[in-house]
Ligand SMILES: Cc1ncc(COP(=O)(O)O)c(C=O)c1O
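First, one chain by itself in structure tokens, the form predicted on its own.
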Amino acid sequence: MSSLLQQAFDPESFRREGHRLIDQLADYLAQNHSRSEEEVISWRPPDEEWQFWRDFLDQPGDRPDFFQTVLDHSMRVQHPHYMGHQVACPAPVAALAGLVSNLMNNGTGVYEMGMASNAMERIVVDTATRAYGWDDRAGGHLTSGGTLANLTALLTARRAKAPRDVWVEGTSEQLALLVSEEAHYCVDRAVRVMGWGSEGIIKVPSDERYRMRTELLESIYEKETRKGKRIIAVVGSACSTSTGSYDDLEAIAAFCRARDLWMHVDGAHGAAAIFSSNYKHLLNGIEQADSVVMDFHKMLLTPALATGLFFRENGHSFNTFSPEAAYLFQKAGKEDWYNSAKRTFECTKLMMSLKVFSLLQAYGVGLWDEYVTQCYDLGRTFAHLIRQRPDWELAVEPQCNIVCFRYLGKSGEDLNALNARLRKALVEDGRFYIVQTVLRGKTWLRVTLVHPGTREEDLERLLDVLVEKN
């Protein structure tokens, strides 16, 4: 090997730098969890950040410590004041599993390249499907994110419920599905990717709590069917992204049974509640679903990406695609669960099961029960704090750890502009990170409470700082 290659693969250099990096990351954890590091984000304009890294790369000689600089210029998800997007605060053991996975670089799509990870994936899948109340016929696989998982689930629904094999024959028929107007945009995107167009996604209005109005399903179905559409599925949200509202899965299941439709649940965020002894009731009816999506990297302490796609009848997942790659797959006499590329878009698939399995082997599902329950409880606590302050209001009573709220300001003030300005000022201040959303034309501040160290006093301080910024 050349001198550069020898340097790049030198085990002693890796040992030395690895020990130093773990010490850095442990200090980073301690600083963030203890709040001794006050800022969650050191905000800079995009062009300024781009120029910084261009200059960094061009510096001659000894550069500043690379990994420390990355930490200093990045969002601190490990800080209790991170309350923004639906991104996990990863447990350290799962982060270590990611390091092992990255160095090994074993794919999971083909068994020989991922013996351990394929076996672990089956155990992770079994853990989830048993929690949903499904029997031994259930199964599934892990894939790269909720968007890809939802698309795969709907392709499976199409294969199962369309009048012909669209994968092989194509179709000129207008296929469609029913979904809440509050569903994640990836459902709309999946419909368009499948070639159904805008007519293929039929939005069902939501109620005052932003849940699908399931009492309208029958009338909407009849109306759209008379237009010549072939409706094959209903997608329930568990929960919606903007407000964290859970659709009535039992009502959706009853409608799907009556009409012989595929029932899919987008539980990217909220299906994790199945592991909470206090909140699993929010998912009543999920045991009747045909397919469920759940992100381990949202509410189950796992680094991104790690999404589960689960089927009540696992045989459906083997019919979604028809791969013809003799150099990858040998003929199998039965469904070969261990070659997961047959059921996913990915061929080179990350060892994502290793991250999830590391949590199961270290702590069991009790960790997820404790974590989800605590986060959902905190959502209720925050709602209570907001109700006690006359200058604030809630968009809706939260069902989980997503809370939408806004500052009322002075009489006659443009509340949309006010709350957008407060959020911008808060991000630039750096002490907290939250996001915003628009609900029925109104701008709301929005938190997702994902850090296990966030406490009631942090939420009190958030409201105080927002008032300061007014």
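Note that residue numbering follows the sequence shown and begins at 1. Not measured: the values here are computed from a predicted model.
Below, we turn to the form predicted together with this ligand, even though it does not appear here.
**Student:** Based on heavy atom distances of 4.5 Å or less, which listed stretch (235 to 243, 168 to 176, 213 to 221, 107 to 115) is in contact with this ligand in the model of the complex?
**Tutor:** Stretch with heavy atoms near the partner: 235 to 243.
**Student:** Only one of 89, 261, 341, 186 comes within 4.5 Å of this ligand in the model of the complex by heavy atoms, so just point that one out.
**Tutor:** Filtering the options by heavy-atom distance leaves 186.
**Student:** Please tell me which of 146, 80, 379, 139 lies within 4.5 Å of this ligand in the model of the complex, judged by heavy atoms.
**Tutor:** Going through each option in turn, the one that passes is 146.
**Student:** Quick one: does residue 298 come within 4.5 Å of this ligand in the model of the complex, counting heavy atoms only?
**Tutor:** Output for residue 298 is yes: heavy atoms within 4.5 Å of this ligand.
**Student:** Do residue 266 and this ligand come within 4.5 Å of each other in the model of the complex, heavy atoms counted?
**Tutor:** Heavy-atom contact with this ligand at 4.5 Å: present for residue 266.
**Student:** State yes or no: in the model of the complex, is some non-hydrogen atom of residue 150 no more than 4.5 angstroms from a non-hydrogen atom of this ligand?
**Tutor:** Looking in the model of the complex, residue contacts with this ligand include residue 150, since a heavy atom lies within 4.5 Å.
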